[in-house]
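Given as structure tokens, the chain that follows is alone and in the form predicted alone.
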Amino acid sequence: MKIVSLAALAAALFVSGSLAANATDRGGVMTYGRYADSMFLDPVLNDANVDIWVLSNIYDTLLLPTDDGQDVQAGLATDWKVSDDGMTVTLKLRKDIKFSDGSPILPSDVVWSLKRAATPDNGIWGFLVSAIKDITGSDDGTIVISLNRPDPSIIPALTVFNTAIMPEKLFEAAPGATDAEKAKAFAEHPVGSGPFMFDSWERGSTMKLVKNPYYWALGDDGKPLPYLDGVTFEVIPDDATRILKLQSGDLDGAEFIPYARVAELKTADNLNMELFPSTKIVYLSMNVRPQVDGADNPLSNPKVRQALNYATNKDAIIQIVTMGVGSPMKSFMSSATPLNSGTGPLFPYDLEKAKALMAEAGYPDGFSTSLLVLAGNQDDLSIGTAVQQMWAAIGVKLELKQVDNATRTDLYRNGHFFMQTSTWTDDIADPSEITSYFAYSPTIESQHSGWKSDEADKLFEQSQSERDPAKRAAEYARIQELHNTDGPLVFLYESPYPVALNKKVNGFIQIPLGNNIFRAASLTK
């Protein structure tokens, strides 16, 4: 494997061309409509997109993902290099960087933050930095990360939210006897070094971020970013209400626009309807444990799971839900995820094959089960209604249970569900994250599904230190084969991020890894 040695193109300036475009006006507060509120603003202990996609605006990492999500660029560190033997990473911190409270970012903060992220059992994302053995920092800003094994994904891992650099003294001064207790207290009013800083939070309603006056990056006018004075997040779970507020000018932007409304909003005089490239996949998660809440679970039978996949007309769902914008999944990874080995759509629609598998599984007349869908979400309800009708043809009676995001998350994490609508986006330009989350059972029991493959677990562990690209690709190909064949998913589609913005908004992007980037956003006056 070729050892990477990279240097930043500019140590004191960070603005990509796409971010800098038209970003000339300063001031103003951008109001952005979200489908659900954040839950926990700690970068290490969270595990939900509603948190992750906000964290990058409050916290900073040593390295940052590029706008296309495929590479890395300078963040708090300006230079980085992996040693020839793959066992050491050396980085150089920017000079005179500060947290949003004005205190200096010290090498000791970096050491403490990375050690916290790499502490076993300290959040589900520790596997991304599990190769870290030790970290040292010197007064000249040199950070040396020693590894316990070569890790082909260590550089992109340093762009991920859980490696955010935090103020050690402030965190440790927070009330609580344990890391989790301190994190809960600290996250109520977090301090980071991102382009914005936390101002206030009315849970379930509004979160306000304001400009970080100490942010290190410069705009196209040579002055510090961000251009905006602040960003206000309004939580509006109902799609129709979110769009009405956008159309009326109450919102400057809104996420998760139903695909059924995209064509309409493209014609709106005051809006730009964006379809940002993504690593987004949409699927149904199945609980495959023999029993759920004391009831026998037919989904524990692999043939039943295969039957449900064959009975699902993905092309029809893509037309119904995405208006043809999506494409069928070829693996549990998106097509944009490195080392995706999919060659064609999984489980093409075949009703007769589905019926035969149901009979072989012992359910010739079907069974009853349920699906959790997000209340107020048009796409979720459309998916649920479509599969409800499709599966009736093989005798499956599907109850749709509409719940809010917090309830659905709690039921999912605690295994109190049969199926739920699900969405995933990568946070790293490497297959290790999604594979650990979906197929490696020790992480979170394969998406809280209870699915386990000893072979997949072993292959994943091997892949974490495999430096031969061909061998690593073969390991991931086999893991995908195992998971795609009888794993806990009903495979639906890949799709872009649909975001609508008022035409006065410039410079906002949602990168393929999902992060909402307000760093160089501006409002035309």
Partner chain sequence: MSLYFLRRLLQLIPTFAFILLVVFVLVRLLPGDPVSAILGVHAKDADVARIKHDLGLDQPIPVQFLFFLKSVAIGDLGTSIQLKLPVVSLIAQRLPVTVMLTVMAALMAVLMAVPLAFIAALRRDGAADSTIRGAFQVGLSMPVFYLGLILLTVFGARLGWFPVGGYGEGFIDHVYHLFLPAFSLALSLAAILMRNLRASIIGVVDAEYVVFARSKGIAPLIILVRHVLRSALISTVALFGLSVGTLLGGAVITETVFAIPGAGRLMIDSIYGRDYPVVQGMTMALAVVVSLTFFLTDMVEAWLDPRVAR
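Take the two forms, find the largest set of C-alpha atoms that superpose within 1.5 Å, and that set is the rigid core. Worth saying up front: this structure is predicted, and the values here are computed from it rather than measured. Residue numbers count along the first chain shown, from 1.
Although it is not shown, the form predicted in complex with its partner chain is what the next lines describe.
Contact assignment for its partner chain in the predicted bound form, among Asn270, Ser138, Ser205, Ser368, heavy atom within 4.5 Å: When its partner chain is considered in the predicted bound form, the option within 4.5 Å is Ser205.
- request: Quick one: from Ala356, Ile124, Ile320, Val210, grab the residue that has a heavy atom within 4.5 Å of its partner chain in the predicted bound form.
  value: Contact residue from the list: Ile124.
message: Please determine whether each residue of Ala131, Ser153 and Glu461 possesses a non-hydrogen atom within 4.5 angstroms of its partner chain in the predicted bound form.
response: Spot residues vs its partner chain: no contact at all.
- request: Mind telling me which stretch in 36-44, 461-469, 487-495, 57-65 gets its heavy atoms within 4.5 Å of its partner chain in the predicted bound form?
  value: Of the options, only 36-44 has residues within 4.5 Å of the partner.
field: Val325 within 4.5 Å of its partner chain in the predicted bound form, heavy atoms
entry: Contact with its partner chain, no.
message: Whether Asn405 contacts its partner chain in the predicted bound form should be assessed with a 4.5 Å heavy atom distance threshold; does it?
response: Yes, Asn405 lies within 4.5 Å of its partner chain in the predicted bound form.
query: Does its partner chain come within 4.5 Å of any heavy atom of Lys81 in the predicted bound form?
result: Contact with its partner chain, no.
- prompt: Does at least one non-hydrogen atom of Phe347 fall within 4.5 angstroms of its partner chain in the predicted bound form?
  reply: No, Phe347 stays farther than 4.5 Å from its partner chain in the predicted bound form.
- prompt: Using a 4.5 Å cut-off on heavy atoms, which residues of 207-242 contact its partner chain in the predicted bound form?
  reply: Lys208, Val235, Ile236, Pro237, Asp238, Ala240, Thr241, in sequence order.
message: For His448, does the CA position differ by 2 Å or more between this form and the one not shown when the superposition is done on the rigid core?
response: Yes; His448 is a residue whose C-alpha shifts (by 2 Å or more) between this form and the one not shown when the cores are overlaid.
field: C-alpha of Arg289 off by 2 Å or more between this form and the one not shown on rigid core
entry: Yes, Arg289 moves 2 Å or more.
task: Tell me, please, whether between this form and the one not shown the C-alpha of Thr423 is shifted by 2 Å or more, with the rigid core used for superposition.
output: Passes the 2 Å threshold, so yes.
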